[in-house]
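Below, in structure tokens: the form predicted alone, a single chain.
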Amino acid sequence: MKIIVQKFGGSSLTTREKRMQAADKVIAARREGYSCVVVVSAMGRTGDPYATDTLINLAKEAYKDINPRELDLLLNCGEIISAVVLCQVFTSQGFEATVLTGAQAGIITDKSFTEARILKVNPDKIIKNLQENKIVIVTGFQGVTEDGDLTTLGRGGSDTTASALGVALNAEFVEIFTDVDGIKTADPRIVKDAKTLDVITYNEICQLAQQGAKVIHPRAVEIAMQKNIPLRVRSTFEDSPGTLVTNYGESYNTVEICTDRLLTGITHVPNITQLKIFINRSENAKGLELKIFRAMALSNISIDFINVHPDQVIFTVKDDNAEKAIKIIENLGLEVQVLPGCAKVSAVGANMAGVPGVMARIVEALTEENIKILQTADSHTTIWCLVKKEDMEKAVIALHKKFNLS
């Protein structure tokens, strides 16, 4: 039995016509001899009747603070509606299909309501239905604790469901269907001639996703990578092959790789505040760095762009966490310089490691556009630049052009 997992996002299921196009992708795979497991998200986006944000806002009309356990009960409804409606589409086409919730599909999670992590998957019920020649539709984004409480996996959780099922079922591959034709070299709303990538490594797509690209959730990629399950990001509404996510070594036989491609893509994250904390190196300053970072951790504030110097500590937080972070620092008796309205622009590429001159080209591109670099950081596959938010789009376009990514 050759199994594939196909995940459809909410934008692929909002209308009858779109649901028919999604069903056609599954039926085509069936005709190629695959047993199909279909993972669905809630229909639509904010404002649509059954979208996740719509359900949240409905509950908040009564009281703004929702208990996380009860919130997860509510949020399970959106995917169930999508799954049952899509099941009817297959039935109308003469195919036998069945719906399983995350719990029924054997997805066991921890008790971190609204942000649960998958502990294990027991796919026996899915396999039984596949052996009966059924199309199995699984509600994405959800699971169940070992003592029976329903949970959700956080935003992008349907991608995670699809990858986890792909690994548990030893699938041939996992297809992520969306409303774009694959993973692009930059956000096409900013860079009009952004190119759709034929192939990308697991590591590169993780970096792109973590640094702002929203096509696939990085956790889904990490899970698939553990068992080398290939991912393909495709459009529900086109017949293009999309972008293959795998190891380069496994893709040479089928995809022409441009070995001189230093960068894979440019991403961006807006709405960031830079905090610069000044430390007077007196006897009382011992261990201040630890106190700062520990205080941020205890307050559940995620920090980024971390630079530690003898006389100062610099890092960034999201704008909506800035006020809270500033109060924490001031309560420690420290002086903080605040720079709001920043953005992070990231250059990602597996081939840049060890190559001289990459940073020089980045600085050159930004300098030519009179864009001030506020802070930088790097890894083997990514170089990050902090710029003012008003320079963000101009920086993305400049870097995309400098590295000939179109």
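Only the largest set of C-alpha atoms that superpose within 1.5 Å between the two forms is called the rigid core. Owing to the predicted nature of the structure, the values given are computational and were not obtained by experimental measurement. Start at 1 with the first residue shown and count on from there.
One more form of this protein should be noted, the form predicted in complex with a small molecule, which is absent from this view; the next part is about it.
Taking the partner from elsewhere, no residue among Arg30, Gly102 and Lys134 has a non-hydrogen atom within 4.5 angstroms of the small molecule in the model of the complex. None of Lys214, Lys111, Lys120, Lys291 but one reaches within 4.5 angstroms of the small molecule in the model of the complex through a heavy atom, and that residue is Lys214.
Interface membership of Arg45, defined by any non-hydrogen atom within 4.5 Å of the small molecule in the model of the complex, is confirmed.
Taking non-hydrogen atoms only, Thr14 never approaches the small molecule to within 4.5 angstroms in the model of the complex. Residue contact with the small molecule in the model of the complex: Lys184 places a heavy atom within 4.5 Å of it. For the chain shown alone, Asp179 is a contact residue for the small molecule in the model of the complex, at least one non-hydrogen atom being within 4.5 angstroms. Across the options 306-314, 322-330, 184-192, 125-133, residues that bring heavy atoms within 4.5 Å of the small molecule in the model of the complex belong to 184-192.
Core-superposed comparison between this form and the one not shown: CA of Leu13 displaced by less than 2 Å.
A movement of the C-alpha atom of Val269 reaching 2 angstroms or beyond is seen between this form and the one not shown when the two forms are aligned on their rigid core.
Annotation: Cα of Ala22 displaced by less than 2 Å between this form and the one not shown, core superposition.
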